[in-house]
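One chain is shown next in structure tokens, namely the form predicted on its own.
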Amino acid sequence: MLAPKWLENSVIYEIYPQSFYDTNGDGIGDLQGIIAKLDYVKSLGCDVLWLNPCFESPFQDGGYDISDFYKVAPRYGTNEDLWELFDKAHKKGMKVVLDLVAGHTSIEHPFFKESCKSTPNEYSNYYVWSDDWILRNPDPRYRYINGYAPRNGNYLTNFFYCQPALNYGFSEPEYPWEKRPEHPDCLKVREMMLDVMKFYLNHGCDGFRVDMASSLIKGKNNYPDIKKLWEYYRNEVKKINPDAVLISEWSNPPQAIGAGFDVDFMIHIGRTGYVRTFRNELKRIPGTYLATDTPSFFDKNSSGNSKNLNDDILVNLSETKGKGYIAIPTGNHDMGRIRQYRDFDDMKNVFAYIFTVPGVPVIYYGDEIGMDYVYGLESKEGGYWRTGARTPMQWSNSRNGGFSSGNEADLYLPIDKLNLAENNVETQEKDENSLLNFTRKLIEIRKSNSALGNLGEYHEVFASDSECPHLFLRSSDTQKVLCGFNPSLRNVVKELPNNFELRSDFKELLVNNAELVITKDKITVTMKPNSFFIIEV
């Protein structure tokens, strides 16, 4: 395994900094707030923090538009606060991973302002500009912005207009302004971003989750050049910290891990089986690009379409084995909450699945207490429909949900008062049957059973595009664990294959409304509606 050894047992906790915990009463979460809650995160069983961007920014896209890569945004504190976070997390046996926005900057970045000038200068080619304000033969894959600057040209954007693409080059240049990745100007950009990585690694950062990791080098047939770029970065990063991790937003684990990443998410750019397994609720959010008209497997109205994700997992595992990890998260800052249109029993079924499949589990802050998507919010800092999944963490059923001592009107986003009484940490801490304590139990079971670990093997037992349940076997050298899921409203009975071996003294690790029955001739699984089991066999 090329990835850091500490990933073998890790669980990641994603934090949207402005919404986690506010310690100075200004209504915005800060780094001292994260430091204050380290023990809480560790109590979940999570040992890796992933922070969404905390760098200086005009916040036209929630911090994914950076104006200074080397400075913590004042709203979060100072660089010294970040170094303190690294240090205190390490003392608790935890890692801290920063979000690296490597493909673009803000239009407010000094380099971009220089590149906008009509007189050629050192930064003219730091970004991709056409050679005329009238764009000839536009490529439908890209979006150029015209009429912005004195410079006679249009700049390429990666996402919003305010995020101009850094110029790492084009694999097969087609226009005069497109340069090969080895062009001196493109190499300057490459080294500039490496310097950013070195800066944070040298101060104690444990690695990076890379935003839009596959987008840096443009053009047709760009994978060989993208691979070469990330292999170079990986080698340089490992020189500084051999245990540093690289996590990609790529949504194609064989490609991402083949290019040097340690972990890749099986969401969400590439409409994978993840969407068809969990996310049909998003069809009710206008504008979402994750919408699907087919009920997901974890929908009570599902007919049992577990095959999509099952097949995705099998393919991705076979092509990445011994090289890196897949990751199936509870959600993230770019999608609606997994709680949407589900009650706590539904959530427990979903979580039991997420924490028994292979790879590195990831919890999006607040999912462990069932925080819901909040409808009707005005877009905040470029969030648009994503805004409803970025509301403040709910620590208690007190003023401002325990998130901030500030004025309610100053909060980064409103507290979800509709669900606050039940969906808060303090209340759920006291309830042994809460989703919070269920999540803790699941992570404990995962970490104490080698077959369920991040490296455990995965074997399909039963998966269908039209029938429940979904059954799979996890295994290690010393253990086998059978997992089964029936999220539907129907009772289901399934006979296991004749060649399936099961000890008569099998051990129930966690079972909800399900039963395994062994007779002389067969093994039968009986599952009530909305049920699951995790059984050592």
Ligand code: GLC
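All values derive from a computational prediction rather than experimental measurement. Residue numbers here begin at 1 and follow the sequence given.
From this point on, the text means the form predicted in complex with this ligand, which you will not see here.
Problem - Partner contact for residue 108 in the predicted bound form: this ligand, 4.5 angstroms, heavy atom - result: It does not: once this ligand is placed as it appears in the predicted bound form, residue 108 has no heavy atom within 4.5 Å of it.
Handout entry: Exercise: residue 368 in contact with this ligand in the predicted bound form, heavy atom 4.5 Å
Key = Flag for residue 368 set to no.
Practice task
Look up in the predicted bound form whether residue 211 has a non-hydrogen atom within 4.5 angstroms of this ligand, and give yes or no.
Solution key: Yes - in the predicted bound form, heavy atoms of residue 211 and this ligand come within 4.5 Å of each other.
Exercise for the section: Please check if residue 178 has a heavy atom lying within 4.5 Å of any heavy atom of this ligand in the predicted bound form. Expected result: Residue 178: no contact with this ligand in the predicted bound form.
Exercise for the section: Among 392 to 400, 189 to 197, 166 to 174, 330 to 338, mark the stretch whose residues have heavy atoms within 4.5 Å of this ligand in the predicted bound form. Expected result: In the other structure, the partner sits against 330 to 338.
Exercise for the section: Would you confirm whether the three residues 61, 64 and 104 all fall within 4.5 Å of this ligand in the predicted bound form, going by non-hydrogen atoms? Expected result: Yes: 61, 64 and 104 each sit within 4.5 Å of this ligand in the predicted bound form.
Exercise for the section: Select from the listed residues 385, 159, 83, 462 the one whose heavy atoms reach within 4.5 Å of this ligand in the predicted bound form. Expected result: Of 385, 159, 83, 462, the residue with a heavy atom within 4.5 Å of this ligand in the predicted bound form is 159.
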